[in-house]
Structures are given as structure tokens and as C-alpha cells.
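Below sits a lone chain in C-alpha cells, taken as the form predicted on its own.
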């Protein structure tokens, strides 16, 4: 077996355990470049990829090698820029998914169901036109802050109507609600070819109600919505103050729910905060699974950018991508927008994107934003939190306490929580030892720091407000 054959087998072994998007991002253009007895060297295209594989996926690789080549006991990684070249020898991992891409999606034949509008025909087979093929669950980049919504979407797509019904996904603009909603539709089409699926925005639903009332075709309108198996509705906050549409949607919802038909809804707010909406609807929206999409953390933002580079078929310096991830704090749509503009300017000017060029793009999009990590005027001055004192000052400012309060003995909640959060951030983001952190906080024992970090980590699993606070502080730290 050649080195490349062994590496391909390793990739095939670990691929089912890793989501498609990060798998392609981090294993693209890699290969075994040296094999000597019990030692192999895995070639990677960039230092950033090397760090990521060592820290995140080394265990997967080692386990696969134990199974495929038990004689290998030493695994090393080496950056080889030639792997970025067209014929540089790196593996194109997209070829591992060719079988998936050949799957054909079909829905019922024309004479089997009453069809909703918005479909085209190919012979006797109806090919859905409702969904965008680029929105799939396996190319949704999963991070700590969106793991639960993605897991719920996967569960619903695997068993429509059987779990989490209705599924209600909410979050700010541009965080991926439509991606998940259409991804559910695409996934169900692929797995359940006999189901009828309807995707619609709330605005379009309202327009169709108005048209049906005007044309006196309400019976036909009701039939097309109450004879579907999966009902996906985007941006339901649009129903506010539209009483006739709310009433019709209420009856449609009840009819489908009683038949165990899957319902998935998205909104920019949780059900309880939907003003000017009938309480009956808000109650029904909240009786299933309610999940929130949060702004992704730094690592997830970086993975999204890497994934988009794959889509654009362009290579960008990892430091430039890191800079974009550090400086886009609003939504994923803006993150992609900065990258698109950088790619477009690069192609038009025949220059590679640089930190300076993307900094100028970011400032054009948001003139009031301070740029983290690079000052255009001062040419490269860094603004990253690097020391315990840096983090302590940021946390103190965020919670409106003093530095003396952080290191003091007062155990009231208004001082204790910022103190514990500060210890957690210094440990996890700066990598300081428990002993050094304890010394920075007035000579506290290392066990006190361990308890603070453990408690904060436990709270982060369920406390969404704390997640938002820590993400905001990390953005101020330049992470």
C-alpha cells in the first residue's frame, strides 16, 4: 500500500465521525509525505491547518492508523506549501463524497398528491423548486453556540413528525435560520422521497391569503396547505397585526399538528416576545422544541470562512481569514459579505487579499467600528488582550466593577460572578496556569481557580445570557 493509499483509507475511516464542512476545510490538500518504519509524517498546506489537526483531530487520525497500520507508532505533521499547488500531491477530499452527490431526490408523482405551487416537472417526476441546493445540514458549520439548533434540525429531518414538533428556531438576522430551515427540507427530500414538503415565508403566506380572499378561492388555499407532510415557515414574526392570516395559520397549524405532520418555524424572537400575535399561536409555537441560534464564536467563524473559500475555490492567507473572524461581530451574512468583497477586489485588481485591504472593507461597511488587531492609521499596532491584567480590565469594565472588586474578598454575586468569569477566560483563552491566575487574584489557592473555571464551564451549557456575555468579552479581547 502506498503512502497516499494509506492516507485515503485513513480519511475514509474518520470521515463519518466529522461533519462534512469542517472535514473538507481541514483535511483538503493533505497527504502522507514520509513513511519510515514506525513513523509517518503528514503533510499539510498551512501552519494553521497543522495546528488545527494536532489540537482537534489527532486522536481520530491515531485511532484510524491503529486499525489500518498498527506498525505506525509515531505521527508527525509538517507544513508543505507545495500541497497548495494544483498538482502538489494533496488529496482532494471532495472525491470522498461523490456517492452522496449522485443521490437523486424524488417526490410523489403528479397524480398521487395535490401539489403546492412553485414546482417544475421532469417527465412524470416532480423536482422540488422550493429549496436552494446550497442550503444543506451537512455544510452548516457547527460550533459551540449553534450545536443544539443543528442537532434538533438533524433529528427532525431523520424522523419528521416524530420528535420536536413543532421545532421553533429563533435568532438575530443573518445567523443561519433560513439555512437550517431549507437544510431540513433538502434532507427530508433526500431521505423520504414520498413526503410532500412545503417551504414558504410568512410574508408569502399572507399574500396568498389576501389573494384567496379576493378571488374567493379559500377552499383551494386550505387544501394546498393542509395536505402536506412537512410545513416549513420562515420569519413568522411577519404575521404580527395580520389577523386574517393569523387565524388561517392557526387552523392550518392545528390540522397538521393533529395529524403528526412536521412543522418547523423560524423567527427573530422567542414565542413569548412576538408582539401583536395571537396568544393562541404563541402558545402553540412554544409547546414543542424552542432553540436559539447565537452568533458563532471565533473558531466557528473561522471555519465558516475556510468553508466559503472552498466554495469560491480560492486560497487566502490564514492570517487574513483570522483577521476577518476577529473583526466581524454582527452576523454570518456580514462575515460572508466581507469575504465576498475581498475576493471580488482581489479578482478585479489581480492582487491577493491582505489584512489592510480587508480592514478597509470592514470600515467601509461599518465606519464606526474599531478594528481589532490592526490599526490602519498606526500601521499594524496590535490591540489584543494578552495578559491577566488586560482581561481583568475588560471584565471589570463590562460588569461595571473595579479591579479591586475582582481581586477582593467580597463574595456577593455582583462581584463573585465577574471574578469567576475572569478566571475562566484567563485560563481558557490565555492558557495561564491555575497557580499564576490565583496569584493575580490576591494570592488565591489554585483549587479556588479550578472551582471557578469548572462552575463557569458548567453554567455555559444552559445559561444563554452568560454565553452572550462571555462572547462579548471575547470579542473585546480580539477573539
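Numbering follows the first chain given and starts at 1. For clarity, every value in this text was computed on a predicted model and none was experimentally measured.
The same protein also exists as the form predicted in complex with adenosine-5'-diphosphate (ADP); that form is not shown, yet it is the one meant from here on.
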Options 222-230, 135-143, 394-402, 274-282; stretch whose heavy atom lies within 4.5 Å of adenosine-5'-diphosphate (ADP) in the predicted complex
135-143
Counting non-hydrogen atoms within 4.5 angstroms of adenosine-5'-diphosphate (ADP) in the predicted complex, say which of 166, 176, 160, 353 makes the cut.
176
Pick from 299, 336, 345, 208: which residue has any heavy atom within 4.5 angstroms of adenosine-5'-diphosphate (ADP) in the predicted complex?
336
In the predicted complex, does each residue in the set 172, 308 and 332 place a non-hydrogen atom within 4.5 angstroms of adenosine-5'-diphosphate (ADP)?
yes
Determine whether any heavy atom of residue 359 comes within 4.5 Å of a heavy atom of adenosine-5'-diphosphate (ADP) in the predicted complex, and answer yes or no.
no
Consider residue 304 of the chain shown here, and say whether it contacts adenosine-5'-diphosphate (ADP) in the predicted complex, taking contact as heavy atoms within 4.5 Å.
yes
